[in-house]
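First comes one chain, alone, set out as structure tokens in the form predicted alone.
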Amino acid sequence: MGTFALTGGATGIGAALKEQLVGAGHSVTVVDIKQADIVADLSTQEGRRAAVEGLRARAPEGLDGFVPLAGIGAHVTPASLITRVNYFGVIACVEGVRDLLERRQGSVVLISSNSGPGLGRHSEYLELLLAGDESGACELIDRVGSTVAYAGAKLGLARWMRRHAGEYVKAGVRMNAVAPGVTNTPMVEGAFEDPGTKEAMHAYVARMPMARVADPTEVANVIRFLLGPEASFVCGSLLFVDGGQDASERPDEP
């Protein structure tokens, strides 16, 4: 059986994925801000170090898979907190456990979003993200706003994955990403309840071809596939799990 690690595995998609992996007999370590095997705040350098050190202690022989699911929604302020958790916290953890994944020829699945390609594009913000300039990206995004912070960070993750997938797989680590649409998680529930975002959220769901919110297990199913041997030749791919929304809004873009 395999050894896996998740961040943000206490609720939502992470909790669904953990249940599936444990049910299949795998060992799973969860990093989260509370109610987790390793409690860490991934918005801070100290929290990221604690997460990586904790994973090293619990999986010294390596990891078969790592899924950094921890994230916060576009309704959160300040916008820079979204940037710190959703982009820089993710990258720090992936890079921090890379050698653990290499030891067992493991897989990484990043969590992008279908909001990334279509919303909130901001070239300067993306350039700062991909350059690893956390202070510059945070300073900029606090002036621009939370919607761009969220969508831009998720798009940044997809681009980072595409840029590094070849390098990682040469070391034996397959890396891919999923782009979920609106999913029934505590983060999304907060957006539906927030006065500043709830109207836009309902309108967004109404535009979806499948016109419904996804269940976390539906996204977890796809992540689990990408982690496993059935996806052994899938590398550097971004897979939309969004009820057809991206295809509907960008029909001429692959």
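In this text, residue numbers run from 1 along the sequence as written. Just so we're on the same page, rigid core means the largest C-alpha set that superposes within 1.5 Å between forms. If you're wondering where the values come from, they're calculated on a predicted model, not measured in any experiment.
Keep in mind that the form predicted in complex with a small molecule is not shown, yet the notes after this line are about it.
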Problem - 4.5 Å heavy atom contact with the small molecule in the model of the complex for all of S107, L155 and A231 - result: no
Problem - The single option of V188, A59, L227, V52 touching the small molecule in the model of the complex, heavy atom within 4.5 Å - result: V188
Practice task
Answer with yes or no whether G243 is in contact with the small molecule in the model of the complex, where contact means some heavy atom within 4.5 Å.
Solution key: no
Exercise for the section: Would you check, heavy atoms only and a 4.5 Å threshold, whether V28 touches the small molecule in the model of the complex? Expected result: no
Exercise for the section: Would you please decide whether L238 lies within 4.5 angstroms of the small molecule in the model of the complex, comparing each non-hydrogen atom pair? Expected result: no
Exercise for the section: Indicate whether S113 is a 4.5 Å heavy atom neighbour of the small molecule in the model of the complex. Expected result: yes
Problem - Shift of G62 between the shown form and the other one at or above 2 Å (CA, core fit) - result: no
Exercise for the section: Spell out whether the Cα of A191 moves at least 2 Å between the shown form and the other one when the two forms are superposed on their rigid core. Expected result: yes
